[in-house]
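The data below hold one chain only, encoded as structure tokens and taken in the form predicted on its own.
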């Protein structure tokens, strides 16, 4: 064991660092999907398209601002503003004109409608940004790198991936938990999630809560994409890859579980990253192996609860 660690210690350390940064991105997308399902009871396949559009928009706005001569540090708040813009525009439009028409409908209809929307938005991305890779890494380069001590060696790693991505994930997790438990609007959202009929009977405007929740979920998806944009070349299909992984996180954590999504994202991010360095042939399947292993033992997910269905 000691000999293996001596030979592969640096690779293991790099895998752990990559896994932490990857987990942050996965969580931002999965928690938005989980939140939307918890309140609206709709599995939104188009969530992946919002992620991709957030990434493309952030890269495009960053390239535009760089052309104006703005300092490199300005690219970081631009990522957040881009995500907020995408969520604030597309979120209300999708909820008001599409999802509102299928609330309470059969699950298969909801899946077909959101999948159709996903396909439409995928083509819209190709019409606007084309099919050639787009990359804008100013934010990544602006923060530089750091030598992370690991055992007796040091691992060079970008400050952006080491600090910015996990920080956004942690702030989102803590902020969302406090918002849902300590604010009036958050408690109203929890009430609608728990018993929509009772909440409506008490005078809560469920339609308004649905709109706010979906818009916020869209912003989280777009934020995940925006934060990805400095670290990878953007190509068609990134939304599909992400939504499938997010579904695995949601199913493993338990539908509607926020804290569970954080832990599951960490498990899958680390598992997939370790596979990349030590067993690349299993990179794609590791998250789903984790999901199947959990669901075989707990069909409701790690943190899910068995609910009784009204008939």
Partner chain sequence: MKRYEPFLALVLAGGLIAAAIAAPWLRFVLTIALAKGIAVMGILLLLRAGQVSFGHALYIGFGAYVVAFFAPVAGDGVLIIAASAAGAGLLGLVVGLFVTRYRQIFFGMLNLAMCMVFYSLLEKLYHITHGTDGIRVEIMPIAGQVLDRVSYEWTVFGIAMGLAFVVGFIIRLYLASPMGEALAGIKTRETRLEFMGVPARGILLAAYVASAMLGGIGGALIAMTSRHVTPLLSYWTASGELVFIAILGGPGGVLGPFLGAATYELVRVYAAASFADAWQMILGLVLLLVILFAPGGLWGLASRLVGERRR
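Positions refer to the first chain, counted from 1. Computed from a predicted model, the values in this text were never measured in an experiment.
Although it is not shown, the form predicted together with the partner chain is what the next lines describe.
In plain terms, the part of the chain that comes close to the partner chain in the predicted bound form, with a heavy atom within 4.5 Å, is 126 to 134 out of 183 to 191, 166 to 174, 126 to 134, 215 to 223. The closest heavy atom approach of residue 101 to the partner chain in the predicted bound form falls within 4.5 Å.
Residue contact with the partner chain in the predicted bound form: residue 303 places no heavy atom within 4.5 Å of it.
Contact annotation: residue 111 falls within 4.5 Å of the partner chain in the predicted bound form, judged by heavy atom distances.
Taking the partner from elsewhere, residue 241 is found to have a heavy atom lying within 4.5 Å of the partner chain in the predicted bound form. Of the listed positions (142, 232, 84, 119), a single one reaches within 4.5 angstroms of the partner chain by any non-hydrogen atom in the predicted bound form, namely 119. Contact annotation: of the candidates 153, 107, 197, 147, the single residue with a non-hydrogen atom within 4.5 angstroms of the partner chain in the predicted bound form is 107. Three-residue candidate spot 67, 73 and 138; no residue lies within 4.5 angstroms of the partner chain in the predicted bound form by any non-hydrogen atom. Residues of 242 to 272 lying near the partner chain in the predicted bound form, listed in sequence order, are 243, 244, 247, 251, 255, the criterion being any heavy atom within 4.5 Å.
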